[in-house]
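In the block that follows, a single chain appears as structure tokens, in the form predicted alone.
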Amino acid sequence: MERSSWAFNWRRVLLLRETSSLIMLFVVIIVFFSIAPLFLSKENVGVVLEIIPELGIVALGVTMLMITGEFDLSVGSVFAFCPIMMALFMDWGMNSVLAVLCALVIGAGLGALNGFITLTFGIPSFITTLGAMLIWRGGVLLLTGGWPPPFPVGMFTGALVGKIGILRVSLFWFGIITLILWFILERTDFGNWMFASGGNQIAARAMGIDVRRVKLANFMLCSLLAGFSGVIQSFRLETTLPSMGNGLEMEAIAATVIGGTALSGGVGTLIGTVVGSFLIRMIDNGLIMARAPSYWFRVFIGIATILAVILNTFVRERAKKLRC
């Protein structure tokens, strides 16, 4: 009986989609700590925690959208476009708080446009958002000429990136957003509609779910969070660079997949995405601490993404073999 209970509990752990990403995270920490002991120093941990929210918040939005069965490759461009618009609004004399709010509204609007085109014309979201990625990145360069607009003096940066010890306020924003989205996904009807819309649209429509509305809302949320994360980075750096967010869409999708969200939709976990975001930023920082060439980062992220899918499949198959 005791053996059966042990097997049942172990099986429940293995069935968690976060298990593989947690295993990889612990392995990465151990490996980099053995190579560079300063990897877990207070100062370096603080550096890692500063940059995790800027990826993690974007990845949360990507996760919500992917659960509904859609993609957004334009998040990196929106990440740059919103803070650039914020800086331009303030340069034109707009109040700083209003400028930030208007920039975020623009971000949500870009997501609504992606969703409208995808859902109205039946175009795969991969294609729609690929085009949007190029358009908004080009828009950033057209608006700025490739030069960062002046960052206003006296901005309320402390509200988003102020420091509390080794932590920044942005980490708390990341935690709050995670909790809110987790509650929506796991404890509300809208969360159930998301899983149903991504898992089987025909069945979802037969149940009376407005699949179009569910997906459109998540397109907007995804872009809104990308814009908000871009504002956070611009506040931390106290500048708005046209190159912000280059390659971020791939990192966000990688964090989502590493965390256990299925590319096919209908399956996903926000906690896994948080772990995936930590994993990617720790690999990035660990390679720097180990003085490895910068181009190794992309190689390791690619390997981590593939291994996460393989490991997730393995542990779930292993769990199925355990008998209660």
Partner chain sequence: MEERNEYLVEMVNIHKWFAGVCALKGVNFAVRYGEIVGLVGDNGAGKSTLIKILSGFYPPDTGKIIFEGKERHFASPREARELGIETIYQEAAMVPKMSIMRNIFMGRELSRTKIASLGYLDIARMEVESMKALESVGLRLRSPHALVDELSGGQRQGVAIARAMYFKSKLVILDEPTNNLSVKESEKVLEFIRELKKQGISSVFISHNLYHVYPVADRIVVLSHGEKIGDYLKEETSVEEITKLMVLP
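Quantities reported herein were computed from a predicted structural model and do not represent experimental measurements. Numbering follows the first chain given and starts at 1.
This protein has a second form, the form predicted together with the partner chain, left out of what is shown; the following refers to that one.
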Note: exactly one of L248, A99, A204, L216 sits with a heavy atom within 4.5 Å of the partner chain in the model of the complex, namely A204
As a check of understanding, the residue in F190, F126, F172, F151 with any heavy atom within 4.5 Å of the partner chain in the model of the complex should be identified as F190
is_contact(G266, the partner chain) in the model of the complex, heavy atom dist at most 4.5 Å
yes
> Heavy atom to heavy atom, is D91 within 4.5 Å of the partner chain in the model of the complex?
Replying inline: no
inquiry  = Taking the partner chain as it sits in the model of the complex, is I253 in contact with it (heavy atom to heavy atom, 4.5 Å or less)?
reply    = no
Quick one: does A196 come within 4.5 Å of the partner chain in the model of the complex, counting heavy atoms only?
-> yes
Answer among 115-123, 204-212, 160-168, 73-81 for heavy atoms within 4.5 Å of the partner chain in the model of the complex: the stretch 204-212
